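Single chain ahead, written as structure tokens, the form predicted alone.
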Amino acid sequence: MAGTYSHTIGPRDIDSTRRARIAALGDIVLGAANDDADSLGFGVSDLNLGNASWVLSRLALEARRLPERGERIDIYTWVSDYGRVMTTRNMTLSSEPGSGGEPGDTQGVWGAAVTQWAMIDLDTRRPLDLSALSNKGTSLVDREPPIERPRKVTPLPDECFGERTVLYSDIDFNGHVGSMRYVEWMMDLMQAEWLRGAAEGFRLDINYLHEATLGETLTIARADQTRFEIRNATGVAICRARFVTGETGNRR
């Protein structure tokens, strides 16, 4: 089954240009994923009853533009596959009711995302076998991801560009740094010229490798202006990301 969810861009979603921040667009996408999983009976609330939860492993997000304040977004989402420890959920983003909701329908679609998720045990923090999801078969949709799946981001040089201490406001319901908080930290280190270019189209690939928790001190490495790696105090990579402007339109 597939679902459609709506969100209107509000003041908390935008920056000084009155267009949505990239991290806010990511939060909207992840919110739709959570809502759809809830409707199918394996959302976070359901998994928490068995001491489990979903964690995001990889994300690819593309948009030909950034939506403006007051604009309504329709997020059409579906699960295309399950592996033993990973599942793929997809989204198309449009601002015309009814567009993007059927295979081959791309009218009005200006953005898309592919997300890959693991289910973890909340005590051990280790991945669980997804075969335990009894209703996963009914959630599958025979439709390919709308854009290229998340790309692997290669390690960066050891250069440190910034430092962050994980604070209360960084922590999400899983007890670790929220997925889009990393993106906000990276955006803070981007040049204004690049951010203006992103309003005309961008692609973000981010790989989440390890958890970061309250009180940790993290370092941020940057290369080529658009590649980032966030590491913990022992030098272990927590996540890596790559931003590209103008690379959109790869919808299948």
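Treat the numbers as computed from the prediction; the structure is a model and nothing was measured. Start at 1 and count along the sequence shown; that's the residue number.
One more form of this protein exists, namely the form predicted together with another copy of the chain; it is left out here, but the text below deals with it.
Visitor: Go through L56, A212, M187, A63 and name the one with a heavy atom inside 4.5 Å of another copy of the chain in the model of the complex.
Guide: Partner contact (heavy atom, 4.5 Å) among the options: M187.
Visitor: Which one of N174, S95, T87, S179 is close to another copy of the chain in the model of the complex, taking close to mean a heavy atom within 4.5 Å?
Guide: Only one option qualifies, and that one is N174.
Visitor: Does G31 reach another copy of the chain in the model of the complex, with heavy atoms at most 4.5 Å apart?
Guide: It does: once another copy of the chain is placed as it appears in the model of the complex, G31 has a heavy atom within 4.5 Å of it.
Visitor: So in the model of the complex, is another copy of the chain close enough to D205 to count as touching (4.5 Å, heavy atoms)?
Guide: Judged by the heavy-atom cut-off of 4.5 Å, D205 is well away from another copy of the chain in the model of the complex.
Visitor: Is S131 close enough to another copy of the chain in the model of the complex to count, meaning some heavy atom within 4.5 Å?
Guide: No, no contact at 4.5 Å.
Visitor: Does V141 reach another copy of the chain in the model of the complex, with heavy atoms at most 4.5 Å apart?
Guide: Result no; V141 lies far from another copy of the chain in the model of the complex.
Visitor: Honest question, do D15, R18 and V44 all end up within 4.5 Å of another copy of the chain in the model of the complex by heavy atom distance?
Guide: Yes, the whole trio is in contact, each within 4.5 Å by some heavy atom.
Visitor: For the chain seen here without its partner, which of 108-116, 162-170, 147-155, 79-87 has a heavy atom within 4.5 Å of another copy of the chain in the model of the complex?
Guide: Partner-contacting stretch among the options: 162-170.
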